[in-house]
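Below sits a lone chain in structure tokens, taken as the form predicted on its own.
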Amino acid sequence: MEHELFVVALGGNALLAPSQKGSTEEQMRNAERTCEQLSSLLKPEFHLVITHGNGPQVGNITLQQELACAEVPPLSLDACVAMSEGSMGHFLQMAMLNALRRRRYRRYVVTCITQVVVRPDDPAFKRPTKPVGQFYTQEQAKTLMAQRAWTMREDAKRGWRRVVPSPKPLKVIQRHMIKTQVLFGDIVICVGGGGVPVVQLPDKTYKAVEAVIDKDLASANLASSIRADCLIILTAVPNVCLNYKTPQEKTLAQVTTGELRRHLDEGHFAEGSMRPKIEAALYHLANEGRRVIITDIESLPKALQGKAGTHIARYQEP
């Protein structure tokens, strides 16, 4: 039997809805529902890697660090990202094991705390833009900037917030292990929140840095390096659209990389929303990727049959 290797990128909200507080019970229920919705990929002929966002979760973890800092030294951001990888991997791993056992599939699930190499001279380190953690008053922000050398930005409606660099991923250190594990038939959960960013020092050792990596771009990097047959980016809408939420809205079903690049350059996709997913799709297809599907999790079964979602193929228009 010929196998296909899928990399599926989940959003952070797959385990925590905006209206929820983030309790263990909430996240476990959400993980159970998410893994049931992925059941169309739980077939003997499919190899599966699952990646995920961590925005709400790492925000809660950093808040816990601040609230307890008088009693326990706060952990660095890279450690908070790793903590979110571990806890979210736990929820997804257990839920996926249960989904497999209900179907009597003899497969196992493993979570990998993933480090991702970035360039120490990436321009993002000079221009931090990614907000993380809680909101502060102006006085609190001034204190934190002085004491911890944080970069803080004001949100006129909600206060001040820390912003950190978001460098581009170069490679996933554990990529070979991930591919070996998945080819053995296991399901691998990895690249949580884009992975822990690290830089390589002159002596070839690694050092973690306080930054965050875009989850979809890191997933695309991994998918290319392990030669995945398909990268699936799951989002909140069933299709990529042009002129989104306007009377001229147009759904994209089948699109070439050339067409998608033109739409991107024309400004159709919003920063912080669909744009990073489009950039990730184009990156993957420019680096030996074969195909990309962008859709929501409810449409996934039909998308796998070519009857839903936005499908992007690896070729340019003549």
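This one's a predicted model, so the numbers in the text were calculated from it and none came from an experiment. Counting begins at 1, following the sequence as shown.
The next section is about a form of this same protein that is not shown, the form predicted together with a further copy of the same chain.
Undergrad: Could you tell me which stretch in 224-232, 237-245, 136-144, 182-190 has residues with non-hydrogen atoms within 4.5 Å of a further copy of the same chain in the predicted bound form?
TA: Residues of 182-190 come within 4.5 Å of the partner.
Undergrad: Would you kindly say which of 119, 101, 153, 158 lies with a heavy atom within 4.5 Å of a further copy of the same chain in the predicted bound form?
TA: Contact check passes for 101.
Undergrad: Which one, 124, 163, 170, 109, lies within 4.5 Å of a further copy of the same chain in the predicted bound form by heavy atoms?
TA: Of the listed residues, the single hit is 109.
Undergrad: Check for me: heavy atom within 4.5 Å of a further copy of the same chain in the predicted bound form, for each of 97, 176 and 196, yes or no.
TA: Per the other structure, all of 97, 176 and 196 touch a further copy of the same chain.
Undergrad: Residue-level contact is defined here as any heavy atom of the residue lying within 4.5 Å of a further copy of the same chain in the predicted bound form; does residue 132 satisfy this criterion?
TA: No, no contact at 4.5 Å.
Undergrad: Does a further copy of the same chain get within 4.5 angstroms of any non-hydrogen atom of residue 63 in the predicted bound form?
TA: Answer yes; at least one heavy atom of residue 63 falls within 4.5 Å of a further copy of the same chain in the predicted bound form.
Undergrad: Does residue 105 reach a further copy of the same chain in the predicted bound form, with heavy atoms at most 4.5 Å apart?
TA: No, residue 105 stays farther than 4.5 Å from a further copy of the same chain in the predicted bound form.
Undergrad: Is residue 27 a contact residue for a further copy of the same chain in the predicted bound form, using a 4.5 Å heavy atom cut-off?
TA: Residue-level check for residue 27: yes, a contact with a further copy of the same chain.
Undergrad: Quick one: which residues from 199-220 get a non-hydrogen atom within 4.5 Å of a further copy of the same chain in the predicted bound form?
TA: Result: 204, 205, 206, 207, 208.
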